[in-house]
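Only one chain comes next, encoded as structure tokens, the form predicted on its own.
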């Protein structure tokens, strides 16, 4: 089993990665570690920044050996908002304390009668530790098309899940059972691609 440093303190992401990638043993990003950079214009840029930044810090300060570092950059892209909040999804409406409030704010920005089509996008960057896995950093991605619900629905998932309805369904990611969500979400699809790339290490 590969031991992987997850370059995130997001408890929801840690839970989902643990469920989607049960063949990996995750080490959470420490509470006393620095915030990781997210200054790129694209999801791929941010994911690589975080993975490589976390790897460099861990080589200096890590408390245990890991085989590699996994970082995620993901977000909700709404067509009526020109693809926003997109790469700024995690930093959208920083003045609001909860995602329910943020979701209401996002709804308020939609013009009346606007197209509600949207997609969730996830890019994963994996940075191997030298001497433990071959190769250099790489990225994989996944996306799911859908549309915005009229209101915040469901207690499952996290973030924007309660306002996103995936194509072919009538419930939001906040309402769908997690096992069903894990068959079609953007993060599930990116994790499936990661598993293929890491197949040699998972045997």
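It should be emphasised that the depicted structure is a prediction, and the values quoted were computed from it without experimental measurement. Positions refer to the first chain, counted from 1.
Below, we turn to the form predicted in complex with a small molecule, even though it does not appear here.
Asker: Work out which of 109, 96, 90, 129 lies within 4.5 Å of the small molecule in the predicted bound form, going by heavy atoms.
Answerer: After the contact test, the surviving option is 90.
Asker: Just to be sure I understand the contacts: of 57, 138, 42, 158, which is the one whose heavy atoms reach within 4.5 angstroms of the small molecule in the predicted bound form?
Answerer: None of the other options qualify; the answer is 158.
Asker: Is it the case in the predicted bound form that 152, 169 and 172 each bring at least one heavy atom within 4.5 Å of the small molecule?
Answerer: No: none of 152, 169 and 172 comes within 4.5 Å of the small molecule in the predicted bound form.
Asker: Does residue 195 make contact with the small molecule in the predicted bound form, using a 4.5 Å heavy atom cut-off?
Answerer: Looking in the predicted bound form, residue contacts with the small molecule do not include residue 195, since no heavy atom lies within 4.5 Å.
Asker: Give a yes/no on whether residue 5 approaches the small molecule to within 4.5 Å in the predicted bound form, heavy atoms considered.
Answerer: Residue 5 lies outside the contact set for the small molecule.
Asker: Verify the contact flag for residue 181: yes if a non-hydrogen atom of it lies within 4.5 Å of a non-hydrogen atom of the small molecule in the predicted bound form, no if not.
Answerer: Although the small molecule is absent here, residue 181 would touch it in the predicted bound form, with heavy atoms inside 4.5 Å.
Asker: Might residue 13 be said to contact the small molecule in the predicted bound form, defining contact as any heavy atom within 4.5 Å?
Answerer: Result yes; residue 13 sits at the interface with the small molecule in the predicted bound form.
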